[in-house]
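Each of two forms of one protein chain follows alone as structure tokens, named structure 1 and structure 2.
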Structure 1
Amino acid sequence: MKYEEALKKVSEYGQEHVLEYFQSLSENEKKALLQQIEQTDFSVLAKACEGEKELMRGVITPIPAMKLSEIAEKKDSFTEYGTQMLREGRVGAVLLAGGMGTRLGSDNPKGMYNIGLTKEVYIFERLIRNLLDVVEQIGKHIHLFVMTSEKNHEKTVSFLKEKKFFGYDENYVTFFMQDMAPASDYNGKVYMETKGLMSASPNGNGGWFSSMKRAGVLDIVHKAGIEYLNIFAVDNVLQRIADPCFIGATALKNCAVGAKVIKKAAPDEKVGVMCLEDGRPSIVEYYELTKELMEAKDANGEPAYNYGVILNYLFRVKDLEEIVSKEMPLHIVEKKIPYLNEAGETVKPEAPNGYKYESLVLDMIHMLDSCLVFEVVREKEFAPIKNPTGVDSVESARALLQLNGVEL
């Protein structure tokens, strides 16, 4: 993008100030800023005037889940069909790895965090090892798409190459960067992080497929004949990826999406729960769960909203391509955003001073007409790492890995 084109684009959205210091930048800085402007969707800033209001929810009702007992009865047929799909190359895996290890006290990408006790064991290593379990089972590599972000792309790529992808065939690994969304003040004016860089953050976990499309990665998906994509988060080191039983069940039930879930440990556990919203599949986040919903019972006297999502979903590609062109709900989140003041000095605010804008995967699910809610054993598939110690931490994940026979 040339300067004149950039100026025209930012002027359309009243963001001319992002080019205020352009002439004082180095050639590399100029190039980087022009590229950032080209890749930025400024239209989201119009939502700033709406503020951090809650999106209106529809009527919430329970959704049936395929429980462990039913899965056990049909495990062989599900696994056989899922294995066939994997061997035919009809399933790909997408690792959502755009985050940093900041909450763990690390300046590196989260996947680079070492959770070992007597040896080095990295989060990325455990995830790839879990995927390799299936590769060894079916005798064929599965295409792995790794979504990075502007903040961690180079480190992630160089780290995995240095580690030789922990034994995974690099011919089956494709990296792509998540789209970034600008951060703004309360009036929708983009903050500048430096004189040559707008403040921005990844556009939410609901932006993964549109980011794949923008990066041209769907060409690989189509060429390879991939019909389903299993997306999974970087922080759950125990999850099963490209699970043949899960894949077979979702496909045989002809569902647009499958969602792995766990039975909640407590009514107020901090996990989103599967539900129906106005008759369509959806997720109620833990902070939206009212006392009434937490205490609701189904026909069998069991908690009606008892299955928490673990951010491991199987989407059908043809359905994703239908919804990607539609406008997704935009979630506006109030945050503390470092910025450059009028004197050109960096300010780190002590209180929230603006908005970040993101889309969420739960909205993608709600745009689809069917979802298989697939229960898994939490002790075998749920070890999230969000904190250094305590609940959902490095400590708790280590204990669960050791319980499952993983040497650390």
Structure 2
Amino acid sequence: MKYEEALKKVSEYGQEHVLEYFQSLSENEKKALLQQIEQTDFSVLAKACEGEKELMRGVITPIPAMKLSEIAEKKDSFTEYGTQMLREGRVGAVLLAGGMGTRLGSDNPKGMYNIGLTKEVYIFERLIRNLLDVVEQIGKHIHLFVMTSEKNHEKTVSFLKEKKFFGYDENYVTFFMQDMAPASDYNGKVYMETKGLMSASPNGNGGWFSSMKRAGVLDIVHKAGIEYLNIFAVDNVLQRIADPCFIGATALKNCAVGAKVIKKAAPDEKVGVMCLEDGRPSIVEYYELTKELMEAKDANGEPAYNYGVILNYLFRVKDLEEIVSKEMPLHIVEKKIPYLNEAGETVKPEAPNGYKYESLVLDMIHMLDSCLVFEVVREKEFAPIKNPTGVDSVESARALLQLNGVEL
């Protein structure tokens, strides 16, 4: 993009200040800023005036879940069908690793975190090991797509190469970068991080499929004949990935998506719960769960909203292609955003000073017609690492890994 085009684009959104220091930049910096402007979607900034508000919700009712007892009864047929699908190459896996992992507080990508005690055990290593269990079982590699962001791409790629992909066949690994969204003050004015760079952050995990499409990675999906994509979070070190039983169940039930869920540990546990919203599958975030919903009971007297999502979903590709061009709800989140002060120095604020704009994968569920809510054993599949200590932390995940016989 040329300077004049960039100026025209930013002027349309009232963001001319991003070019204020342009003339003082080096040639490389100029190029980088023009490229950033070209790639940035400024339209989200118009939503700043709406602030951090709850999005409108429809009528929430319970959704039936396939519980452990039912899964146990049908385990053999589900597993057989899922195994066959995997052997035919009809399933790929997508690792969502574009997040900033701010709560963990490491400068490196979250997957590079060493959770070992007596030896090195990296988060990426645990995830790949889990996937390799299935590879060994079916006798075939599974395509693994790794979503990174501009902020962590290089480190992620070089780390995995250096570690020889922890034994995974490199030919089956494809990286793609997710799109970025600008970060702004409370009036929707983009912050500059340096004189030649706008403050921007990854646009949320809901952008994974559109980013995959834009990066040209869908061609690989089509060429390989992949019909389902199992997306999973980088921070749950226990989850089973490309799980044949889950795949078989979702496909045999002819659902557009399958969602692995766990029974909540307490009514107020901080996990999003599956539900129906205006009759369509949906997820209520924990902070949206009213007392009434928390206390509601189903026909058997069990809590009606009792199954929490663990960010492990199996999406049918053809259904994703139908929704990819539809607009997704935008979540506006208050954050601490580095900015350039009047003296031209970068400041890292101590308190939130503006908004980040994100779309979330859970909103994709509501855009689809059918969802299999598939219960998994909490102690065997849920060990998220969000914080260094306390709840959902390195400590709690270590304890759960050891409980499952993993040496650390």
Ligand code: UTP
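Residue 1 is the first residue of structure 1, and the numbers go on in sequence order from there. None of the values given here were measured: they were computed from a predicted structure. Take the two forms, superpose them, and find the largest set of C-alpha atoms that agree within 1.5 Å; that set is the rigid core.
**Q** If I had to pick the form predicted alone out of these two, would it be 1 or 2?
**A** Number 1 is right.
**Q** Determine whether the C-alpha of residue 347 shifts by 2 Å or more between structures 1 and 2 once the rigid core is superposed.
**A** Yes, the C-alpha moves 2 Å or more.
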